[in-house]
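Okay, so here's just one chain, in structure tokens, the form predicted on its own.
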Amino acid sequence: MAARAASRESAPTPGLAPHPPPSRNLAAVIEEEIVLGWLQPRERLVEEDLAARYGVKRHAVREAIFALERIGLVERVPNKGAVVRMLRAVDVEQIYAVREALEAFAATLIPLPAADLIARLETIQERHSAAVESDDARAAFRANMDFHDTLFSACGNPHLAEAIKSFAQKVHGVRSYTAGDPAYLARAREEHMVMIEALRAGDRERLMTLCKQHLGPSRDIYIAMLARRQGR
């Protein structure tokens, strides 16, 4: 998979509609395109170009960029303006270490048995699986977010759930080399199903392990990409 991701390093993810529905929140649309690799790390976000692309006013683009800057997906570079943020390897490793700890802790708090949670996750996973089968990476990304938001919200601590979501957003750009990859999407689908089975079996230790393992591929491929860029 790493080799496949490397071949996509300078190209946008195929199979995505270039013009999403105009009713969609613009910040969410740009966030998707960062996650799915249409907008690459260090790529400039030119207001005029984005306004023309999405058929909106420049102030709407500016507001969307500010929103993405607040969650850490975009940064301002002197003499260049807004760009898709590229995290350093050490930042990625540290943020993912925090994510692993928070998500594993949340898994310890989910009440078992979890029949209602399982039913909700299965409904979401049907949507995720359908998106994977139809190569709809946008829908798969949103369903994936819904799956994890629902899973970790079940911990009963909304502050913990919000922290998990916030740290996930900080590294959305890390997923730009995997989130649109069919093999990665198929793997994520299978791992979701195994998480549901762990909940059904009441196997909390297995669930904690799965939550940690689920984070690994995107992190490792992104760090490998940084190493290649630096000639190591």
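Numbers for residues come from their place in the sequence shown, where the first is 1. As the structure is a computational prediction, the values presented were derived from the model and not from experiment.
Missing here is the form predicted in complex with another copy of the chain; even so, the following discussion is about that form.
Asks: Any idea which of 48 to 56, 161 to 169, 196 to 204, 34 to 42 reaches within 4.5 Å of another copy of the chain in the predicted complex, heavy atoms considered?
Replies: Of the options given, it is 161 to 169.
Asks: If you check in the predicted complex, is residue 157 within 4.5 Å of another copy of the chain, heavy atoms only?
Replies: Looking in the predicted complex, residue contacts with another copy of the chain include residue 157, since a heavy atom lies within 4.5 Å.
Asks: At the 4.5 Å heavy atom threshold, is residue 137 in contact with another copy of the chain in the predicted complex?
Replies: So residue 137 does not count as contacting another copy of the chain.
Asks: Consider residue 191 of the chain shown here, and say whether it contacts another copy of the chain in the predicted complex, taking contact as heavy atoms within 4.5 Å.
Replies: No, residue 191 stays farther than 4.5 Å from another copy of the chain in the predicted complex.
Asks: I'd like to know whether residue 67 contacts another copy of the chain in the predicted complex, with contact meaning heavy atoms within 4.5 angstroms.
Replies: Contact with another copy of the chain, yes.
Asks: Using a 4.5 Å heavy atom cut-off, which residue among 143, 132, 74, 102 comes into contact with another copy of the chain in the predicted complex?
Replies: Exactly one residue meets the criterion: 102.
Asks: Out of 95, 83, 117, 112, which one falls within 4.5 Å of another copy of the chain in the predicted complex, going by heavy atoms?
Replies: After the contact test, the surviving option is 95.
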